[in-house]
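This text opens with one protein chain seen in two forms, each one given by itself as structure tokens under the names structure 1 and structure 2.
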Structure 1
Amino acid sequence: MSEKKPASVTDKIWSVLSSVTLAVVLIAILAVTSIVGTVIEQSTDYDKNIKVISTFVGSGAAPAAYKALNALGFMDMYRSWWFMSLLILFSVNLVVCSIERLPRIWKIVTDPMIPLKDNVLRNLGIRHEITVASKPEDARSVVESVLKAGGMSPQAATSSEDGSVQVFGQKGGWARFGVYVVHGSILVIFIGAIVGAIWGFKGGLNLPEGTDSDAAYQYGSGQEIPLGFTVRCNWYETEFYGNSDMPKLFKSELTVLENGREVMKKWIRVNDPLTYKGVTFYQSSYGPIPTPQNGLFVFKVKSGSGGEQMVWAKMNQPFKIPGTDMEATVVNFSPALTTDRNTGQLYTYTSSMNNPAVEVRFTRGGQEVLRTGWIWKRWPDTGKLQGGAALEFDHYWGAQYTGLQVRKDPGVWLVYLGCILMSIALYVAFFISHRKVWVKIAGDGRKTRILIGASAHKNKHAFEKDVEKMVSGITAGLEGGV
């Protein structure tokens, strides 16, 4: 006996890469690390993740745990070298496994069907036997018609031993390749993820009203990310539920500028972002500017006849009230003014712009002080004037910033394509099967015996019902099953 040749290094590597065990291990590692990456917010502020980690290890051990996780790359896990390596290794494993098993599947699909012996037919998973009072020629014609109606292209072969005829057909052979399309879709998704991680970014940008920026900033590190264009916040607005402090909607009007020229403008809201040249701006947060330098108070001046006019004013600078002989001066501002129920005193209860109000001094001729009072944005009637006119406080422009999440993911279209392919492939893999039917027809001159055998590589129960319909069709077509 000849000695078995020892496996080469290449063969050993191929054997490891084609191992299903390796695939299971890699899937488990990717699943566990992805759970960690989901719990720990990626590329975000230190304080946020410290709070999360504290819930698991306590506040005392949280800084050390954060330091260890950060050193391992878990704070920006999906861009880390080891996570990329896992994705690449799993992709190679998928490719090698597919190559290893493809020739056998290809042979099953492409090899022509051949007649089967009786003992093989009787051992198939699905089998039926009927006897009819018809000629074999008539039976063959009906069988071929039934197979055609079932979506199969019938073929026939005659046995030289007993003169019987076998009619056989198949359909759905291509369904066996569904699993390879699943593998391919996973690879496309992984490639999209890798492309996004290498050439994309995720950052943030806080833009006060009236300001612009040509860069975003990496979460966590604060590294500047050039955008290649300029984005400006024209206006920010928050809407509340009724007279409560619960935000109902916050939105920003953004303008995109290139070479000083406006190329795009859009109001963005949560789940309705602005995208330009692959960079997407999401409405993420908002907040007040502690000491606005260029804030302007925006008023609606309504005349007694129903006309309306917008007026912009600065703190402590008088402005004319159109349609009247009065002037007004903003002398005080509160982002959230309310009345103490016990003392009746006015006070500011938060720095957020929840219930803004302005204190306005009204004069005539620049000298005569008519009155001084607070005008609330939430209650326009507080700005009513004599003669039916009204001064309504609309906005404190330049006193708030809009918080934007800025993302660029050039691989996202590959991820979407992979998801579409996977949906189609999973449907094929789970609901469409490779189905084969053999029908042996043998007659003794008075009766014809028909032996039916069938197989399906999945969904056997559903195919068995289809075969039963075929049997009923053959019996009905021959009129005389016994």
Structure 2
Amino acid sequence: MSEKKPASVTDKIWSVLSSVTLAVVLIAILAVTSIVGTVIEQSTDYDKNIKVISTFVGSGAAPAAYKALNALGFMDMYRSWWFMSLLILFSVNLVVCSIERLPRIWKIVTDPMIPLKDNVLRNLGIRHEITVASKPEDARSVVESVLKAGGMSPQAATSSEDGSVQVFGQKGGWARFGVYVVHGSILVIFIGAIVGAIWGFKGGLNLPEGTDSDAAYQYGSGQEIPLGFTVRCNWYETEFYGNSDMPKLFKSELTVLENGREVMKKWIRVNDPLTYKGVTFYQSSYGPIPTPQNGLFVFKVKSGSGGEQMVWAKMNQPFKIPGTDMEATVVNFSPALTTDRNTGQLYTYTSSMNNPAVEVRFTRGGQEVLRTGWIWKRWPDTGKLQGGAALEFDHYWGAQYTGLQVRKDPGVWLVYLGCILMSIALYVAFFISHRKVWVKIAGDGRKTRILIGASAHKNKHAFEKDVEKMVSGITAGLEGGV
């Protein structure tokens, strides 16, 4: 409210902090500075950004420009003091703006409606006037039922001057709070992010198959983060589309152990993590262990009659093939074996386990070497033996590690709560409006004049149509009654 007193300094600051102008300025600054952070790669090494900066200022000026930008925090700008300050100022702006406006909105929503003077009624954004032959009492009850049908609870007042009656009603007043919930939800998200930053952590953990750990490691610093329980990787596997090298699935089987006891077990995959006691394990990478000490080759032995049995074997250690009189020995392994198209020679094309194969020597009675050949996981046929039996290569266990992202974020539920609130409130803010209707009914003995005025704080166009429907409802109701 404007007062004549000269404004004090605190008043001035308050009025700046509550202004939409400040909001517009802050949003503009946030947007423009954010652009810089997408051009300069964040939290990366010097070489990369020097190259980016030389694109703009030339390689001569680049080191100086880098220094200046670095001093201003642009190499990690979204965590810099000035970006944080902008966000704080932005939040203060939101809070002060709401404190300043909410009481007024509260009053608009909760104040009872009062009948309007003719000149005000005739100046409303939406107006209609009809004259009917019915009696004013009939008109009043029809108007009331039409308002009720429109979702309003009608009230009425009789004028002491000319005895005319005004019926009025409103709906959707609460929708005026929608934008304030939108603004509040931004703060809820901020609080959630702060809670997560203070009480949560984010780290990584590379677990070879068959090993466990009771800690994760901070990215960058490598600092140990105790988990409070133990997690073990039982199995890691990449699945591919058909026989191609296009990965279809990365999955690990994890077990959670407390005091040596198994309390949880789950296959995790990208988009489907495991959560235990607030700590979540995400499948984020994988990789080979070049010389696995405890690696075991897993074979599926199929007998001619359809039976199936798993056999685990060590490199260079013969094992009996169940259901046959033969032994097998793994003598060589390749993570990705293929044949050179030109020379026909076998070679390993990548160190990651895309197309694993084992070279197996078959013997009988421990002495007689029958043959030596490669068995591919991708082509089970390569493991065919005589008589319909097969030695299928399934996995080289212990030769890969699973890369886990480990996170604890006690603030994430607040972030999601804020997101849900914001989504609902945005809908309310844009698509629901505070609508009011006044209907003045005045009889002059033979005819009744009905004056309709209406207003909506948003989407007037849509409400105009509704009011037109109400008017035709009134007309129809009264003609029917005559």
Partner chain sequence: MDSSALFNISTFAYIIAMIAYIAYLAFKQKGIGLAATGITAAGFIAQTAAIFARWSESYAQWMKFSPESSVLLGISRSAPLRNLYESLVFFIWSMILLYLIIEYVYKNRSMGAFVTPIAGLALAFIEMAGIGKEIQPLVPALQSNWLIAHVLISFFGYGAFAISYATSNMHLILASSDRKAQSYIFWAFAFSLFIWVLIVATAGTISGPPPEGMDGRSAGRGMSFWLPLAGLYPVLFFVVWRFGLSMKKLLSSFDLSTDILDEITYKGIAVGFPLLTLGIITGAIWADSAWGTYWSWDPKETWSLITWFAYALYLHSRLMRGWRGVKTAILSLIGFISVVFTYLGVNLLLSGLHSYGGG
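Residue numbering: sequential along structure 1, first residue numbered 1. All figures in this text were calculated on a predicted structure; none of them were measured in a lab. In this text, the rigid core denotes the largest set of C-alpha atoms whose superposition between the two forms falls within 1.5 Å.
Asks: Working through the pair one at a time, identify the form predicted in complex with its partner chain and give its number.
Replies: Pick structure 2 here.
Asks: Verify the C-alpha shift of I53 between the two structures: is it 2 Å or more after superposing the core?
Replies: Shift of 2 Å or more: yes.
Asks: Quick check on L370: with the core superposed, does its CA move 2 angstroms or more between the two structures?
Replies: After core superposition, the displacement of the L370 C-alpha between the two structures reaches the 2 Å mark, so yes.
Asks: Taking 2 Å as the cut-off, check whether the CA of D409 shifts that much or more between the two structures after a rigid core fit.
Replies: Comparing the forms between the two structures, which are aligned on their rigid core, D409 does not shift its C-alpha by 2 Å or more.
Asks: Following alignment on the rigid core, what Cα displacement (Å) is computed for T21 between the two structures?
Replies: Superposing on the rigid core gives a C-alpha shift of 3.5 Å for T21.
Asks: Hey, core superposed, how many Å does A71 shift at the CA between the two structures?
Replies: C-alpha displacement of A71 between the two structures: 7.4 Å.
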